[in-house]
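The form predicted on its own is given below as one chain in structure tokens.
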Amino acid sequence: MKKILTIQDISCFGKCSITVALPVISAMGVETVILPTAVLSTHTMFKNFTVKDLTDQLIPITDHWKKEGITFDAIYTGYLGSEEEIEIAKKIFDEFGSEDTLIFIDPVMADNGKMYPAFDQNYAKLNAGLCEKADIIVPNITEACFMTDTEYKETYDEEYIKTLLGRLAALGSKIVVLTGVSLSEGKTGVYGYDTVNDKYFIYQNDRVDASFHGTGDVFSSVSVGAITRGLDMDSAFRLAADYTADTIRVTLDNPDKPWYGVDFETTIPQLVSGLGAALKNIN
């Protein structure tokens, strides 16, 4: 069985970060190992949340793994809460990575043209340096702009997206994928660039008129799980985009209207079925 290490926080309530990655990737048939960077009572959209930083535990944990000879087929980073944690993630890539280890980075730091409150431009610069070590990065447009010193635009065309992808590629990762790209009315999805094969790829599905915390974590977790299971880039990102959109639709139909996160638990059977069908197509 393939094994993924995911490095990000645990929000005990709120359906994001590790509480999304662990069940979703595990359901896809991949052993999921967690390295928690912090424990929060809820995610940060709640007021008065508690937080326990775990930065001082990261090196002792990984040192123990090295002694035990533990290895990983992929390493997936999400929300890293400090500049120190970015540097530790680089160290983990160096110590546990090999030519066969997929490094997948979701540089969580900003959205809708604004940096999250805890971060600044120096944090974005360090994240850009982290992305240099990646095989695949999946920033949203805002994060991409901060990492490449590009003007953020809410209205854009395909030329703008390709320029942004080129600047992301210059950071050093092999495959760069922009999420939340909308190039026509009522559509949204991903636009990526494979630097090794000099190939662009795009997938758009119907835009769901809603926004929920943690949907980026759902998308990234499905993507890395699918790629680790052997799907090609196009198939993996198509599966992730469709699953994320379907999960938002299901959540909107929930009479309880859970504003704090999406009902991914309800749609996991569809994910497993979709992954199975996609795997059959390549076998």
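This one's a predicted model, so the numbers in the text were calculated from it and none came from an experiment. Counting begins at 1, following the sequence as shown.
We do not show the form predicted together with a small molecule, though everything after this point is about it.
Among the residues Tyr79, Phe104, Tyr191, Phe146, the one placing a heavy atom within 4.5 Å of the small molecule in the predicted bound form is Tyr79.
Shown without its partner, this chain lists Val250, Met45, Ile34, Leu54 as candidates; in the predicted bound form, only Met45 has a non-hydrogen atom within 4.5 angstroms of the small molecule. None of 224 to 232, 211 to 219, 26 to 34, 63 to 71 except one has non-hydrogen atoms within 4.5 angstroms of the small molecule in the predicted bound form; the exception is 211 to 219. In the predicted bound form, the small molecule sits within 4.5 Å of a heavy atom of Tyr116. Of the heavy atoms in Ala241, none are within 4.5 Å of the small molecule in the predicted bound form. Taking the partner from elsewhere, Val108 is found to have a heavy atom lying within 4.5 Å of the small molecule in the predicted bound form. Using a 4.5 Å cutoff between non-hydrogen atoms, Leu58 does not count as a contact of the small molecule in the predicted bound form.
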